[in-house]
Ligand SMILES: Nc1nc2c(ncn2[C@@H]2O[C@H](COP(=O)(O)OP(=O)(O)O)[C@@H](O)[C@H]2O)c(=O)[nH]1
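Heads up, the chain below is alone and in the form predicted on its own; it's given as structure tokens.
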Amino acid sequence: MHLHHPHDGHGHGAPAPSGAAARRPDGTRRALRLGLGGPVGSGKTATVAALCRELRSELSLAVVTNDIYTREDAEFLLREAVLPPERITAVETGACPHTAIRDDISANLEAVEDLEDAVGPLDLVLLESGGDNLTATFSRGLVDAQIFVIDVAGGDDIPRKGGPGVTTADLLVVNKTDLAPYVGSDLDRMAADAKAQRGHLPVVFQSLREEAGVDRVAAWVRERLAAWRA
């Protein structure tokens, strides 16, 4: 499986328009904000951790996690030491995760701005949603692009079922491909269904247990950041 290059109407790899201003009040360019959403257990936090390990030597980055009542995802990233502690913060949504990434984004916006004030300037902020369903999407006032993560253990019919997360995310990641033989998932079928739902929007199949790991997703992030800087 491979990364299909996007032709999303915004130029090759270019971020879609965001509702948020591209510059901070002091006139400096703010960080590129990437949202990661997807169902519970799909591997969002593991993907965030892998991206941090891959990119931390070349970029100034930070992470905001979202959980309903806990800081569990942030605490996992802190235990794994993927970034210095001051670059990881958590939002407790108190309700379904989509409320804080799409409906009332104020807590996440405040968390991002506080990080940029404390440890900036930043190149990239990763915002991880709590586990949600196939309708979960980020407000364009919060993020500049969004990644939706599903996994093969959730069923190989997920791409066919669609939903805004699958069909409209800037990048769809089909995770845990190493489990396909054990859960009866057909990767070719998933690839065909994803293409039918998404057209030319890119899809990455990945296993973080394999050598390539998060390489293709990291390459996509680098493309988005290059376009943002340009």
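Start at 1 and count along the sequence shown; that's the residue number. Quick caveat: nothing in here was measured; it's all calculated off a predicted structure.
Form predicted in complex with the ligand: not shown, discussed below.
Contact with the ligand in the predicted complex, defined as any heavy atom within 4.5 Å, is confined among 174 to 182, 194 to 202, 24 to 32, 51 to 59 to 174 to 182.
When the ligand is considered in the predicted complex, I68 lies well away from it, no heavy atom lying within 4.5 Å. Using a 4.5 angstroms limit between non-hydrogen atoms, E128 touches the ligand in the predicted complex. For the chain shown alone, L208 is a contact residue for the ligand in the predicted complex, at least one non-hydrogen atom being within 4.5 angstroms. Remark: A46 counts among the residues lining the ligand in the predicted complex, judged by a heavy atom distance of 4.5 Å or less. In the predicted complex, not one residue of 103 to 127 has a heavy atom within 4.5 Å of the ligand.
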